[in-house]
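Only one chain is included here, represented as structure tokens and corresponding to the form predicted alone.
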């Protein structure tokens, strides 16, 4: 029988990682004789959810096992969840869901809404009961939402892969020892089949996180072969406890959905809007750039924050009348103060002419004339010529920006943001075949 095992919300800011729990279970389930029918799935849910811990990622393991083994599988899942969850953290509320058979359409729809918006715990519990799933929710059990959503997102559309390697316990919380030069060599050799390994502007390595979690490194790419080969190129100067290749919705823009009117924007939801630039962009304290966009139904401030680097230069170059498409997450600014759309990417659809008005040139000596006052004409300081019939001339300036799609640098991109290099490389479907080396041990 097919068994889908969803897991979520086991980590905390102090450490832990739901993908590490998934890696542990890979070893334990294989030792029991189960057969994996897919790579472990890493499903990123709505990155704007107010209760997320870090990347809002849930995990699903899809296996085949004999009916008589199901009870033992459930026991191993629930024991591992309890042993590896940070239950002392106030906001950690782990959940595990086990579904037998094909994934129902209702659960797929639930997953889609958990990725593109917000769903309630009560709805998750109702679906779990409706389909007779086994489940364990610890403390408030909010992790049941992500666990069920991970089951429902079967990744039959675009997807990518990530090889995640984990540290031995004694090294967690210490500086990660991965040779930076080897990362840059790997990136040069494997790009574009891997992506977001480094930030080219700052020369910062991006495959190693900075927190106290057990993840040593993560390599993202288009195929399992690509991330495995890239992993082999690295010089790692500390022991690796285990590693596993996940199939994932990262780098696919799976969270973004079109909103037909700016007036319909909702706090904490991802959105894509189209509108017209209403005023000159303004830079506020901290170096953040604010772009005011409207569409007739309403107006909204779109923010490019300081960490987005040169992306802000593109935003600053826009002028009133430009037509843009903005991708991002909606943030509530405070009660009664409306919302802000935090920009993840920007598409310039149409450029308005950028016009300035200049004083006329003196027809006698060629020097620019100066105004003598409202309605009194112009005079030339050099030769003294006066002209009451002269007026300012319109000059159309060359634009610094072109129509097209713009993204922040890799260091400022979210897990789900689709990099430019992935356009035209979308994956479709999964044939059920796993490569020989997809996990260790």
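Just so it is clear, the structure is predicted and the values come from calculations on it, not from any experiment. Numbering follows the first chain given and starts at 1.
Another form, the form predicted in complex with a small molecule, is not on view; read the next lines as being about it.
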Worksheet, complete the sentence: Given 278 to 286, 296 to 304, 140 to 148, 226 to 234, the stretch touching the small molecule in the predicted bound form at heavy atoms within 4.5 Å is 140 to 148
Worksheet item: the small molecule in the predicted bound form: within 4.5 Å of a heavy atom of each of 44, 51 and 54?
Response: yes
Worksheet item: Heavy atom within 4.5 Å of the small molecule in the predicted bound form: which of 329, 309, 117, 360?
Response: 117
Worksheet item: Can any non-hydrogen atom of residue 417 be found within 4.5 angstroms of the small molecule in the predicted bound form?
Response: no
